[in-house]
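A lone chain, given as structure tokens: the form predicted on its own.
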Amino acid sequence: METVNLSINQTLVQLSLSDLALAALVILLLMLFSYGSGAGLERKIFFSAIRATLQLLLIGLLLHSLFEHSNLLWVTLLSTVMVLLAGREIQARQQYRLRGGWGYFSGTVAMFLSSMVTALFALLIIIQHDPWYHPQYAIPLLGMLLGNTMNGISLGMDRLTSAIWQQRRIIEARLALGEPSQTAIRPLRDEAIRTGMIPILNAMAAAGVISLPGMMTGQILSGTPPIEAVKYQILILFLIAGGTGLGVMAAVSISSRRFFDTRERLRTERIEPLK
């Protein structure tokens, strides 16, 4: 990748704590509307906002330290923690899940393989920064890949497990007619993959016409020339689409085999409905 010296005429507007407090008024207004309408979401909105603030402040401090002392070990450790936490979020969002930790294992392994492979491809082949693991590029890139892949896998696996649980009688009837297990659930598997891909497909279809993606918007606000911001956004969209697609397909494929035993019988006891 060619290094470009950017001449930026704009100055970056520094945000103060009072500015962030004013932005929090939007959250407060949302809580009031929730309370007034009886939706009962005000506690969740409040704690989600607090959690997001604390997490972002923490990662900001960590990245500040990593930028000053770039170290492969610390970058690897932070990346591993991010993957493990994302795997937990995948399982927590499912209405029906595989028992015995298989839901966590399937989602985490699929997300790790797809996101890491895609991130390494971008860092080593496309960006080619020296060192390639510099946190300025590695952590934000991996974070965007994990976030979008996590959403896709979570939606795909939730759709698959819910559909198998709700259509278990139909699947058993197809098995009784002699169909192989993977053929019996193929329509459900294909639909789960399609569901998992919907967010990123919508994001690509709407980019630049309906919405300005978050990374591009952030770069423009920080003073980056729009054309350079667009280049990075196209790169990120393509990487996210590839990583999400591979992750969803892998997670659905791994999970779909856990619903059957070696004799290709449907094992609904391996599905745990969320209480």
Partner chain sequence: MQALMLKQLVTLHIGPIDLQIERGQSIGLYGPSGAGKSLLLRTIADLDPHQGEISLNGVSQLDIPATEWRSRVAYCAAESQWWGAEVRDHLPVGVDNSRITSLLQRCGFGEESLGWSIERLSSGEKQRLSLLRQLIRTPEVLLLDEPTANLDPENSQQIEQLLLQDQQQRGTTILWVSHDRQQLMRCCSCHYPMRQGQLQSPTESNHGDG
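Everything quoted here is computed from the prediction, not taken from an experiment. Numbering follows the first chain given and starts at 1.
What comes next is about the form predicted together with the partner chain, which does not appear here.
Among heavy atoms of R194, none comes within 4.5 Å of the partner chain in the predicted complex. In the predicted complex, none of the heavy atoms of E89 sits within 4.5 Å of a heavy atom of the partner chain. Residue contact check for P180: one or more of its heavy atoms lie within 4.5 Å of the partner chain in the predicted complex. Contact check for R174: a heavy atom falls within 4.5 Å of the partner chain in the predicted complex. A heavy atom within 4.5 Å of the partner chain in the predicted complex is found for one listed residue only; from V109, I170, A163, L123, this is I170.
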